[in-house]
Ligand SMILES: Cc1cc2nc3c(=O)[nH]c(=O)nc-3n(C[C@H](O)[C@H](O)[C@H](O)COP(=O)(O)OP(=O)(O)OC[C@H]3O[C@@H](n4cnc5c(N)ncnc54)[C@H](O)[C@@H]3O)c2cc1C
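Listed next as structure tokens is one chain, alone, in the form predicted alone.
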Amino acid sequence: MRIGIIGGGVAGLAAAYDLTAQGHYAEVFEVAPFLGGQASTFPVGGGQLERAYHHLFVSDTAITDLIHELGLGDKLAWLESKVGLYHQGRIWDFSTPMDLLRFKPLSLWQRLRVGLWTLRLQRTADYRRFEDVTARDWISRHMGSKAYQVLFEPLLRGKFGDHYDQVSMTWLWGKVRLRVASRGKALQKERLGYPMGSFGEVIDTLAQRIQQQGGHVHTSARVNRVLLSSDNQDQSDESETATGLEVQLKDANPENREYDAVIATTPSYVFTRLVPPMPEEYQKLLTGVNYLSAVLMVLELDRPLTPKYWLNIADQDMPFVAIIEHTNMIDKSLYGGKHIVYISNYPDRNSDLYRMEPEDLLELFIPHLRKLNPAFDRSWVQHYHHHRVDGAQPIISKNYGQRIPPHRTPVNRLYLANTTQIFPEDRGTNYSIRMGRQIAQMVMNDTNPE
């Protein structure tokens, strides 16, 4: 069986890996000059660093199993993270339940209330209980409006911008369960995983295995459209079937390639450009989900900015939502001794922040970085890097689970696998790998039924 795969992110690569392992031919086409999508890396200080910050939670078994399967298990380290919250001009520790009890901006009763309801969330297994209520309404009603305003609204605003008050409680429920699970049964400090060769080494090894198993992986390769049975004038089937792809490899003319099945891992708004309009019901599912982009500034500093690995910003005047100081968890010797700091935002594509030039964005950030560390000086910045990731975050609104497009599209032998279909969990590398492997099995089941 021959399978064409659109997109060289981890979902597409995971699908190709499993398909080729079972003796099928899989061919991956990635439009970017690199693989990995949101988990892709670039060179920094002699090492490789993710364009967008990445780590693993203890519950991320899909990716950890694959890392071991690829023979890279000895590179995977589990390290204690240091989490903080910037509020009212101060960085508060926020790694353990005891840190919550010491958080003076909330009264003791408010802190206890947040802790008790957090525990109940962690013990609630059925996400459907939260599908028809927003996080704003649920938190305000159960934990109190002050706790919502201080702890949760900044998080929601930072992640979803002007859509913050539309976000389903299911999304926040998933976040709470994930973070608590990473602390273990005794609720000790959170431990996070990281492959010491970078996620780039995992991605490169995955691509190598695909090719060793007889598949092909192309970069700088554009897919212009999915070919359907109606493109063949000699075929008169009433129902459409995916028969191939029109592709354009680097510096080559477009060509048609035939496949028995096609898997698309693009965002939904890209997928709609590659195929004719789907039946109305499915088309609405594709166009009914909005995405936010990620804008990341990566700083190479000659000294630490803060003592925290992850610093949430609970201050709407700040022009960023989180500071992730990578080398406060990962050894800086991997990056030539540089201290690596991510500055994170999730804006709309039409926002000023998204369109701002890197130099202007850095100048905007500098006065606010001094609020986090009054000693900070522009001279600390040895180099900086600017990355935009489109389609980074689907907006998870109420009853989202009812609006997810099925992986099997209305076109026979055409499958869709993207971040809008990861639910009730939030999008992430672990879940993309899980989804890619599930799609591979689905394709094999559909084309070779027992």
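Numbering starts at 1 and follows the sequence shown. What you see is a predicted model; the values in this text were computed from it and never measured.
The same protein also exists as the form predicted together with the named molecule; that form is not shown, yet it is the one meant from here on.
With the named molecule left out of view, choose which of Ile67, Leu49, Val411, Ala39 has a non-hydrogen atom within 4.5 angstroms of it in the predicted bound form.
Flagged contact: Ala39.
Exactly one of Val176, Leu296, Leu372, Leu227 has a non-hydrogen atom within 4.5 Å of the named molecule in the predicted bound form; which residue is it?
Checked against the cut-off, the match is Leu296.
All of Ile6, Thr265 and Tyr346 with a heavy atom within 4.5 Å of the named molecule in the predicted bound form
Yes: each residue has a heavy atom within 4.5 Å of the partner.
Even though the named molecule is not shown here, does Ile396 get within 4.5 Å of it in the predicted bound form, heavy atoms only?
Output for Ile396 is no: heavy atoms all beyond 4.5 Å of the named molecule.
Wondering, does Arg222 line up within 4.5 Å of the named molecule in the predicted bound form on heavy atoms?
The answer is yes: Arg222 has a heavy atom within 4.5 Å of the named molecule.
Any of the heavy atoms of Arg437 lying within 4.5 Å of the named molecule in the predicted bound form?
No - in the predicted bound form, heavy atoms of Arg437 and the named molecule never come within 4.5 Å of each other.
At 4.5 Å between heavy atoms, is Ala11 in contact with the named molecule in the predicted bound form?
Contact check for Ala11: yes, within 4.5 Å of the named molecule in the predicted bound form.
The named molecule isn't shown here, but in the predicted bound form, which of 400 to 408, 41 to 49, 378 to 386, 26 to 34 has heavy atoms within 4.5 Å of it?
In the other structure, the partner sits against 26 to 34.
Suppose contact means any heavy atom within 4.5 Å; which members of 266 to 287 contact the named molecule in the predicted bound form?
Read in sequence order, the residues that approach the named molecule (within 4.5 Å, in the predicted bound form) are Thr266, Val270, Leu274.
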